[in-house]
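Single chain ahead, written as structure tokens, the form predicted alone.
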């Protein structure tokens, strides 16, 4: 990662937008396109002013034909035009799986490392507001299954900018997943262009009692309760940032120190990223474990659209605290715990807070 000096506070959306502007300025052949990229909201604001600055030959909307468009993007990438394709929902991009899996992911291998596909695919995931089974899936584990694909999942504005720039510069396909509940979050981000290495997890806190491994919005959830837990528990807290490549070196080092591990995953439980992490821990750190690894995910059923049913679908802060308590054998005063959790209460359970105004 390059040396970084100047910092200022901007949103996750602005960090994405800034990365796109800087990378398009840096590489005159870079193209940016997607369904709705030039609509009034500019894909939640992430593509604002791109067409105005770089012109409609480099920034353009596309027909509603995901597989065809990705095939064209692959051809452009092979011909010296790296590109960023954006889909407003990960769920819609599933229509492009043939081109992604049978062309983009395999090209570098099939042609003996002599031909690259520099393409970055931005996919938005999320939950809440009645999104239901077909608009809210967190399918990072699906993409990570296939050799030849990198999968990136930033948590904060600093990482969003640096990881997107690194993804765009990567010579082969990168799946870049943004959780829509993170779009309005803010953080310190330098003005200059910089990259964050793909495959390097971020150590948020150091401790000796428990390793917590998290990703995307679950990292934000755990950060809400970290200081409360640290009053009694010493926690090694790791944000993955990239799930393929997976920073197993950082994970193993932590687990060997603590002997206990809890994985927080935004995806379904079966065949999840948490499954892979726990498998690798068992393979590499089994003799260091003091008890079986645990994980918290969403259940193996599609997300309901109903406001009432979603209330019990997603893990709560109390679910996480209860699991930590069980694993560490440390009890919390229930009255104190209730008062603490009340500080996060909102009128609605399907938004990250009463301040939340979108994106949908």
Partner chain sequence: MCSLIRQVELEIVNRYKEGKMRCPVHLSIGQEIVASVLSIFIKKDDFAVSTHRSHAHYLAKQGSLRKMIAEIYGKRTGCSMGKGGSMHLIDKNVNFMGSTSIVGNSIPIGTGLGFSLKLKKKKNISIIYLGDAATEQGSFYESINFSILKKIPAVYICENNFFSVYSDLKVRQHSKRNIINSLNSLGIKTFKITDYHPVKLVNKMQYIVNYARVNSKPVFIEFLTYRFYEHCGPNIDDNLNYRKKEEIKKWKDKDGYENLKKFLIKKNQKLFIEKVEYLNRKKILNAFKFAEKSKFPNKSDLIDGIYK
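Numbering follows the first chain given and starts at 1. The shown structure was predicted, so the numbers you read here are calculated from the model rather than taken from an experiment.
The form predicted in complex with the partner chain is left out here; the points below concern that form.
With the partner chain left out of view, the stretch that reaches within 4.5 Å of it through heavy atoms in the predicted complex is, among 320-328, 288-296, 23-31, 64-72, 64-72. At least one heavy atom of residue 313 is located within 4.5 Å of the partner chain in the predicted complex. Under a 4.5 angstroms non-hydrogen atom cutoff, the partner chain in the predicted complex lacks residue 344 among its neighbouring residues. Among heavy atoms of residue 130, some come within 4.5 Å of the partner chain in the predicted complex.
Although the partner is absent here, residue 36 lies within 4.5 Å of the partner chain in the predicted complex, judged by heavy atoms. Interface residue among 169, 135, 106, 252 relative to the partner chain in the predicted complex, by the heavy atom within 4.5 Å criterion: 135. If you take 287-314 and check each residue for a heavy atom within 4.5 Å of the partner chain in the predicted complex, you get 300, 301, 302, 303, 304, 305, 306, 307, 308, 309, 312, 313, in sequence order.
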